[in-house]
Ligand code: NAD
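Let's start with one chain on its own, the form predicted on its own, as structure tokens.
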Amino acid sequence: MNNPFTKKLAHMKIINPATEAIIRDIEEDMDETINEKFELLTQGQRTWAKVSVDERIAVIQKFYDLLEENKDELANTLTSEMGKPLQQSYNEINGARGRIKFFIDHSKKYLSEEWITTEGATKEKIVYEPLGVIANISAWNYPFLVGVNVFIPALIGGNAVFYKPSEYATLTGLHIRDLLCKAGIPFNCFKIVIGRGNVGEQLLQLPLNGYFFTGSYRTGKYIAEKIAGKMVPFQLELGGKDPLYVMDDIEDIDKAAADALEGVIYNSGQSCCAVERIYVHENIYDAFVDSYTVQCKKLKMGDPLDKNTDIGPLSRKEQQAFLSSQVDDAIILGATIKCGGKIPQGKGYFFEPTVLVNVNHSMKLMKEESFGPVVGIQKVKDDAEAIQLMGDTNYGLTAAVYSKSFERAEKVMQQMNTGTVYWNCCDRVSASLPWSGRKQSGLGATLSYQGIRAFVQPKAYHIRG
């Protein structure tokens, strides 16, 4: 006989964005299961912190190997639930392994104690201790890449991790958990919590020792306000409205246009560092627009499992209407569509790769984050106008400049209030360099040695005797 007072488990449907078919129906965590996992993590972290850094790194090395051994299954799962073309899923896994290798190779150096003063009556040193149990509230667009930025250095640093994958990358998150456990991470040092925003909300109620979030500015701001009173470390990797400027001294317009196009449409434009605004010097504007448009029209949109597909579906259905509203707003205000602009008929959350001209900053397209394969190309008369327009944003993640001259490009890059600048490249991340945002693009840094020490806290030793 059923107990009428038993709390009913919530379920969540995992939907393939390319076909709209239900892949799996999965139970969400409840308050009770979340609290139970937190207690296990609290106990497990104390033991894990006593394990040597060398031993922790050895476990992560096994995880690194397992990603390669299981890459076919992992890539197919990622494509099925998130929609990116299959080769891009393989690229993401390979990229994640590259970042993990950086942490394997460099973590010991930056986690070792540092003797500051070794002479005199008082010796001084710094040691680095784990934060404790941290929350990793991750994103759906690059679940492997943004995930390893956090949970790998966190685990190497001696922390336990409460990992919440996005509801749009849940199956990938389960794979990550399983492979970490298989690699040797204790079951009570890495726990996954399944669910939507209400589940993430529960993590904010717990007395965790740090919060690391990747996602939208709106959610990041909410998290920051919610946990401010806890006085614990937190980092926010948020969105961007990343500009690219093409100077008139560029030698290969077709190459610059191809790079810009890839920066716009890769992963269907669902990247915080995707190119979202293009500014082109008036002397080469028409030639650049023509080249970009020709190349854009050649893109093949469709089944992400087809190796010939360049652009797959959006991950979320509601994003179709959002992009349409941006395009419509731009057209009303005078913009012209050169390519795309429509939602194709049929199944799947697709949106045509789109380029608009005759754009300006009165249009939402040029001011609000798009997070899709849509871009406006605006003509500028000189570098000064480009600098003014590139800086006209609430975001500060990346900015790119294409030019024959590094000296000329550097003058622009120096005036960009962004965490990253690019010369003759765009939409890339390096494990060796800090990944950080300014203004509404976030707080704190992952990757580089700074991303190793983000998950530990220094303790100063004054030693006399």
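Heads up: residue numbers just count along the shown sequence, starting at 1. What you are looking at is a predicted structure, and each value in this text was computed from that prediction instead of being measured.
Keep in mind that the form predicted in complex with nicotinamide-adenine-dinucleotide (NAD) is missing from the display, and what follows is about it.
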Listed residue that, although nicotinamide-adenine-dinucleotide (NAD) is not shown, lies within 4.5 Å of it in the predicted bound form (heavy atoms), from 166, 309, 235, 326
166
Answer key: of 393, 354, 138, 88, within 4.5 Å of nicotinamide-adenine-dinucleotide (NAD) in the predicted bound form (heavy atoms) is 138
Tell me, please, which stretch of 257 to 265, 174 to 182, 384 to 392, 206 to 214 lies within 4.5 angstroms of nicotinamide-adenine-dinucleotide (NAD) in the predicted bound form when heavy atoms are compared?
206 to 214
Should residue 223 be counted as a contact of nicotinamide-adenine-dinucleotide (NAD) in the predicted bound form, where contact means heavy atoms within 4.5 Å?
yes
Is residue 219 part of the interface with nicotinamide-adenine-dinucleotide (NAD) in the predicted bound form - any heavy atom within 4.5 Å?
yes
Quick one: is residue 201 in contact with nicotinamide-adenine-dinucleotide (NAD) in the predicted bound form, heavy atoms, 4.5 Å cut-off?
yes
Since only the chain is shown here, I'm wondering whether residue 197 would be in contact with nicotinamide-adenine-dinucleotide (NAD) in the predicted bound form (any heavy atom pair within 4.5 Å).
yes
Check for me whether nicotinamide-adenine-dinucleotide (NAD), as it appears in the predicted bound form, comes within 4.5 angstroms of all of 240, 369 and 435 - heavy atoms only.
yes
If you apply a 4.5 angstroms heavy atom cut-off, which residues in 324 to 342 are near nicotinamide-adenine-dinucleotide (NAD) in the predicted bound form?
none
